[in-house]
Structures are given as C-alpha cells and as structure tokens.
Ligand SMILES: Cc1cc2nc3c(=O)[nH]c(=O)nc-3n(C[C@H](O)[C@H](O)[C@H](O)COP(=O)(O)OP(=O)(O)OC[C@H]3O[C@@H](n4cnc5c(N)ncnc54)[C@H](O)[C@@H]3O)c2cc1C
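Coming up is one lone chain in structure tokens, specifically the form predicted on its own.
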C-alpha cells in the first residue's frame, strides 16, 4: 500500500478532506490534537451554509465599524489591546485589504466556493448513513429598523446581480411565512440558497464514515514540528510520535500558523473568538435560521433546540468567556424575538470557539512553496462549516491531480509569505 495522506486537524475541513480522499481510494491518517470527545469550532458554531456570505470580512467600512464597536463592552466586536507584532501586522493588512477592488476580486470566488459546497452538502445528505438533517429553507437577515432594511435591500440587489438569489420581505410577510413566531422587526432579506444543520450531527457522521472506510484517526496528536528532506516533507512530528506520509494537509484552524511557522511559511491569522448558547426547550422555534443584522447575532433551529451565538473577539488563542459579550448576545436576541426573556439563558452552558481569520478575509487553500507535497487548507473565518465540504473536495483534487472545482488564485497560501 502506498504511503498515506497525513491530515493535520480534525475539524470540519480536515474531516471533509479525509472523506473525499477515502472516496478516491487514498489511504488517510488524520491527526487531531484533542481527545475523541474534544471540542472545536466545528461543533458549537451556528450551523449555517451561507452562499449569502460572498463579501470577505475585509471590506469597505469594516475598519470604522470595528473602531466604533471597540468602545462598547457588549458590542459584537472587540480586539484585546496588547503589544503584539503579529496582531499589528494583521491589522495593517486588514486595513489595506478593506477596499472595493478587493471585494470585487473575491466576490465570485466566495460565491462559487459556497455554492459548490452547498451542492456537496446535498450529496452528503443522500450518501452519509444515519441521521443528517439539512434544512434548505433559506436564511432571514432580520432588520429591526427601516434604515437597516433599506440598506440590506441595496445589498440584496447586488446579491441577485451576482447570482445569489434574495427576496426583500415586509414584517407581515415574514410572519406569514413563519406563523406562530413573534418577530419585532421592520422586515427582512431572505437568502433563498442558504441552509442550516446541526454541526455536531455532521461531524459525528463524517468521523464514523472515515473510520468505516479505513481512515485512521489519531487523537491527542498535536503537531510540534516536521521532518523534511530537501523540498519534501517526510513526516509530521507530534506529541503522539512521528507520522510519515506521501502528502500532508495542514487544516488545523486557528492553530495552523504555529505549525506553518516551523516550515518557514507565514500564514497571517488571528483567532476570532465567538460564543454560542443552545436553548433545549425554546418557547418558540423559528422555521428559519436568521442573522440579527444590527446586532450581528446568529440564530439557528437545531432539532427541537435553538442555538444563539455571535461576537468576534480578537484575543489570541484564548477560549475564556467574556460575560459582557455574552450579555450583549442575550440582550440583542430578545429585542428581535420578544417572546423570549434574558432569563431563559440562565444556567445554560456557554460554548466558545476560535475562528481562523486571515487579514484579507479569504481562506488559505492550495499548494505552497514551503514544501512541494504540502497542501494548506485553513483560514475560513466565519465560514468554516459552510466551506468545509468544498475545501475537502479541492484538497482531494489537488492531491489526486484533478482540476479544482474553483480557481484558487485569490486563496493562494503563499500570498502573504
């Protein structure tokens, strides 16, 4: 048997890559730094599949909006002030990327990646054994004020123009489509191609299927270095020993930069911390997942439960919970859904996770000059779940010498090297 493909990282991207490679008959070893019951950003996220997110995080107006939010303890965004050269460089690159030319270049790439990923999710629903609920009813961008609705209607027209269909809905139309739910809104934009699922179900199914297909998952195996001969990697050095392979895939999310640094590869990234809470018995269960536009809060029905989450804290690889940010999520949620009370969230566990955020808002995906047999697949910001399947497909295509589903120029992992 030929040497395996060694994948570093057991989140949705690493699992998707392993699954696609196994479908093509390749041998796979997946290295995960956590235990079998580990948590990750792939488990507690909002579970949204979002073709609507075709604008990168680095866009006009985002710097000023971020500065405004910095002075509100309960706002959706915060950067912990600290003397950190990597953070300063990241901020400079973010500012340089926040222009319309960047958005125009990246829009078709993010659109195509998300739409292709949606197709693969639909395929997963048919081919993965077991229970896998995928709701393709769309996403509501809920607007409390007419001013916000008018602004989002302009974006909706742009979305339609680039091939991501939308509808602008009045408050009465939203209530007609989702009867029995109290909405305190001026209206909403419906993104009809968006979808949602429970990420825990998907991760469990992919993990099981990878093992059934003969893939090997090694837990508690954190990469601490590499063994290299000439231009090729020979092995990943981990806390569980060395793992030799033919090709290596770096898909370690927010922990990818440290592993890349050991190869002399710079992939600038900051960890964007987010929180979520899962209401097991909500007083009302909306049909649609939603984004609360003024508050930047995500709401997703998952089975009988309702997951509410948000914030973007740039605080390093720190998973501690900031009570003020969580309070801001709760306060915002009940303004849009008045049937709920803040006390509904009392005693609920608070999940926190780290999104891997490049300074230009675009993933790192492709081969790299750092080693001729290394593929990088990380940096998906808030779209890790949404882009997981297409990223896995592209990784497998690169490894197997197939044409890629989407052009990769704008996601070149060497672009900041």
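Every value quoted in this text rests on a predicted model; they were computed, and no experiment measured them. Positions refer to the first chain, counted from 1.
Only in words, not in the display: the form predicted together with the ligand, which the text now covers.
- Residue 279 falls outside the set of residues with a heavy atom inside 4.5 Å of the ligand in the predicted complex.
- In the predicted complex, residue 274 approaches the ligand with a heavy atom inside 4.5 Å.
- Heavy atoms of residue 54 never reach within 4.5 Å of the ligand in the predicted complex, leaving it off the interface.
- For residue 243, no non-hydrogen atom is located within 4.5 Å of the ligand in the predicted complex, even though that partner is not displayed.
- Of the candidates 306, 221, 210, 106, 221 is the one whose heavy atoms come within 4.5 Å of the ligand in the predicted complex; the others do not.
- Between the ligand and the residues 376, 31, 28, 390, the one pair within 4.5 Å by heavy atoms in the predicted complex involves 31.
- Of the candidate stretches 179-187, 247-255, 97-105, 81-89, only 247-255 has residues whose heavy atoms lie within 4.5 Å of the ligand in the predicted complex.
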